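In C-alpha cells, one chain follows: the form predicted on its own.
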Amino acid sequence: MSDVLSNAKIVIRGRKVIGGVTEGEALVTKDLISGWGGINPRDGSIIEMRHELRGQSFAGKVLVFPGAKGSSGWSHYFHLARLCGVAPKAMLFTRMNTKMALGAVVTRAPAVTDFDRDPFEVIETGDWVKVDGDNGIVEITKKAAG
C-alpha cells in the first residue's frame, strides 16, 4: 500500500533551520512567496495577484512552499506577521537563500529544508503535520478522504 493510501504517518527528514516542535494543518503551494507586496502581515493572507493561494491565510498553519522571492523586505513582512500574531506555525521549504534564512529567523517558527523526499509529493493542504525542527523530522498524517 502506498504512503498516501496508508493510515500510517509518513516521515520525511531534512535539515534544521530553526528549532522547535509544533504541529498543525498544512498549507501547501508550489509558488514562491513574495513578502513585500505578496502578503498582508496583519492577517497572514497571500495578496499577490497571480499567486495560487491568493486570499488564503498562513496564520497558524504549517506553510509548505519552495521559498522566498522578491526583495530583502521579505523578512520584514514575515517579522510583522509574527508581531501581529499571524505567522505560520512552521515553515517547510525547498530553496534556501538569504531572504529565506533571515525570514525563518525573524518568524521564530520551526523551519526545515533539504529533505530526503520531495515534500510536495507527500504533503497536501489540509494534512496534519508535526514539525520537529530540532531534529529535522516531519511527520505527515494525511487528511481524511472525502
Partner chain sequence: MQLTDYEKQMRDGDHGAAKARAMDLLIRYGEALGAERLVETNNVAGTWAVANPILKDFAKSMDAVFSEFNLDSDEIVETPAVETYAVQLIQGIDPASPEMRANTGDAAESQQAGEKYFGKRGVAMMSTCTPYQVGNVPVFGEHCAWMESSAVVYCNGVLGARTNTEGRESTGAASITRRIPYWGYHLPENRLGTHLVDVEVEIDDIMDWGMLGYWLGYEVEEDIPVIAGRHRKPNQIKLKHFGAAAASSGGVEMFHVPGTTPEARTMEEALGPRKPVATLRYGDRERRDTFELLNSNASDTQLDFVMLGCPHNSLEQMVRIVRALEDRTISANSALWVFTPRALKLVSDANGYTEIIEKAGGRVYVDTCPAISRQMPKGTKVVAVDSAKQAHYLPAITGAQCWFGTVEECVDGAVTGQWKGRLS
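What you see is a predicted model, and the numbers here were worked out from it, not measured in a lab. Numbering follows the first chain given and starts at 1.
This protein has a second form, the form predicted together with its partner chain, left out of what is shown; the following refers to that one.
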| task | Give a yes or no for W36: in the predicted complex, does one of its heavy atoms lie within 4.5 Å of a heavy atom belonging to its partner chain? | result | yes
| query | Does its partner chain get within 4.5 angstroms of any non-hydrogen atom of A68 in the predicted complex? | reply | yes
| Could you tell me if K9 has a non-hydrogen atom within 4.5 Å of its partner chain in the predicted complex? | no
| query | Would Q56 count as a contact of its partner chain in the predicted complex, using a 4.5 angstroms cut-off between non-hydrogen atoms? | reply | no
| request: Kindly confirm or deny that V86, I123 and K142 each have some heavy atom within 4.5 angstroms of its partner chain in the predicted complex. | output: no
| remark: Residues in 77 to 108 that come within 4.5 Å of its partner chain in the predicted complex by at least one heavy atom, in order, are Y77, H79, L80, R82, L83, C84, R95, M96, N97, T98, K99, A101, L102, V105, V106, R108
